[in-house]
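Before any questions on binding or motion, here is one chain by itself as structure tokens, the form predicted on its own.
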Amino acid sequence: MPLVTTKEMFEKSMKEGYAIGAFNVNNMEIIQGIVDAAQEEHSPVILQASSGAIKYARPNYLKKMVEAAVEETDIPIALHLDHGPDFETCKACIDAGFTSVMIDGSKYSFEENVELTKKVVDYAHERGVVVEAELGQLAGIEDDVNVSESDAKYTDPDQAKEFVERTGCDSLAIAIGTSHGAYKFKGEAKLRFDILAKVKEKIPNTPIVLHGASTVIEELVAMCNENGANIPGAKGVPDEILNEASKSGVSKINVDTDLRLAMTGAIRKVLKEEPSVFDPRKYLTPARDLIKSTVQHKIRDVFGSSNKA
């Protein structure tokens, strides 16, 4: 099966009430862990790369590794640009064969965001590529995204309707209380499901995306810290809240931090317990395995996309 867009994935998810995991990729082991999990769960999956990941892995390497994953599976896989910062980056990814791109104009004024998003949509749609946009701003730090709490703002449902109508974007990332990175909440973790409901009421046929939605799994944080890391007070979005979001109209849920924690924890554990190890395969294999089990948990127990491929 060749790479696909997210169009049919999202149509099915909205009808049946589940979300599709969009997992950030940086190297071969991460791609293999994600895709092996999705294949076993028979789930559609979105592999997404930030502009930082593209710089790190290099576009051709990244694309060829994803193509290898596609050749080995029979599940729908989309290749998505996460947080494209400008038209040029989106254009480069579209030209390179990505099937989906996100243009993040959320840092601009509403009118500037509309103009930039429309420009990307026009270019992408002419080439059969779908576009995700963002309205509202999430706090936190992750790759090229750095937004202070004071600058974060919830999505306005009325603006969401106008934005989608004027830009023609295919899906919309909204701000309802999640944030980027490993420190999402200082107090009780909760999302504004009232805003989500109003957005869905205004744009019922537009797939909704949730960014900054890693659980920041306690066991993975503990594994990192027990083996030399220093990640105190990390707190993410609980599984039960993400599960509710999946059933409440969210079609795509982004996961990056949990994969970083899984890979780092597994590598640190091997290197601490076996200090004589210097063969990368000895610590990258457990890292890949832990990414796989982490993704399987998300697909099966949280997002509900098992057997939906």
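Not measured: the values here are computed from a predicted model. When you see a residue number, it is the position in the sequence shown, counting from 1.
As for the form predicted in complex with 1,3-dihydroxyacetonephosphate (13P), it is not shown, yet the points below apply to it.
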| property | result |
| --- | --- |
| Contact at Asn24, Gly181 and Val255 by 1,3-dihydroxyacetonephosphate (13P) in the model of the complex, all three, heavy atom at most 4.5 Å | yes |
| One residue of Thr117, Ser100, Thr155, Ser214 in contact with 1,3-dihydroxyacetonephosphate (13P), assessed in the model of the complex (non-hydrogen atom, 4.5 angstroms) | Ser214 |
| Contact test in the model of the complex: Gln48 vs 1,3-dihydroxyacetonephosphate (13P), heavy atoms, 4.5 Å | yes |
| Segment assignment from 247-255, 265-273, 279-287, 32-40: heavy atom within 4.5 Å of 1,3-dihydroxyacetonephosphate (13P) in the model of the complex | 247-255 |
| Partner contacts for 64-83, taking 1,3-dihydroxyacetonephosphate (13P) in the model of the complex and a 4.5 Å heavy atom cut-off | Asp82, His83 |
